[in-house]
Ligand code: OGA
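Coming up is one lone chain in structure tokens, specifically the form predicted on its own.
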Amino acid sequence: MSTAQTPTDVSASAYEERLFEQIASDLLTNGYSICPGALPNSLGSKICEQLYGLESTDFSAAGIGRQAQYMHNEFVRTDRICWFTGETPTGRHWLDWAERLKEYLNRRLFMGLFSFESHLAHYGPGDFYKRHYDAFRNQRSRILSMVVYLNPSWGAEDGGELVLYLNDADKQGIKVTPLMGTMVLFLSEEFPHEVLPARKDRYSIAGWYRINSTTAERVDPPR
């Protein structure tokens, strides 16, 4: 597990460069990266401020699949989501940050990442997301998954951990506590994962970097 410290005596740009290199190195070595305290404090504070200003009606029930294959299934997942659109300054700030990471990974790892989609996720007490892959069958456009946690105070007794499994045979997995600022990235097609039931309200950002899978027969938009 990697560790990253939020900027103190170093400039934000130097911290960002160091964090991005750490993520790239982890992905190259392991296919995943777990970075406690990685989200810059200023950005995290702005996202939380916007989050706490949202109404329950701003969130919708999460589903499975995309476009014609989209469906809501509470046997698989029970969280609620609100998409980042870039229409607010905070949302734009977050998407710009994710864009800089995309550009760095493309330069460093030649991943061919093309676009990014992201939403806030709310897991209420008892909510879960069963074991799954982020890359959908017959649609391999999601390449890299990202999760960022927004919970300032979270203990082991609160549950809600992400469990990242190394392969289909892995029954134990790596548990990640959803504590504020922790960032997890992993190859979408390689790592099954799940979210264990939370015992109190749990907030996070989920995002996916995609390649451009547009063909002459089908246009593949970011969402």
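The structure presented is a predicted model; accordingly, all values stated were derived computationally and were not measured. Note that residue numbering begins at 1 and tracks the sequence as displayed.
In what follows, reference is made to the form predicted together with the named molecule, a form of this protein that is not presented.
Proximity of 123, 193 and 202 to the named molecule in the predicted bound form is complete: all three residues have a non-hydrogen atom within 4.5 angstroms. Checking 187, 43, 35, 162 against the named molecule in the predicted bound form, a heavy atom within 4.5 Å turns up for just one residue: 162. Here is the short version: of 92, 100, 107, 132, the single residue with a heavy atom within 4.5 Å of the named molecule in the predicted bound form is 132. Look at 43-51, 194-202, 24-32, 166-174: in the predicted bound form, residues with non-hydrogen atoms within 4.5 angstroms of the named molecule sit in 194-202.
Interface residue remark: residue 208 is counted as part of the site for the named molecule in the predicted bound form, having a heavy atom within 4.5 Å. Contact check for residue 80: no non-hydrogen atom falls within 4.5 Å of the named molecule in the predicted bound form. Remark: residue 113 does not count among the residues lining the named molecule in the predicted bound form, judged by a heavy atom distance of 4.5 Å or less.
Among heavy atoms of residue 147, some come within 4.5 Å of the named molecule in the predicted bound form.
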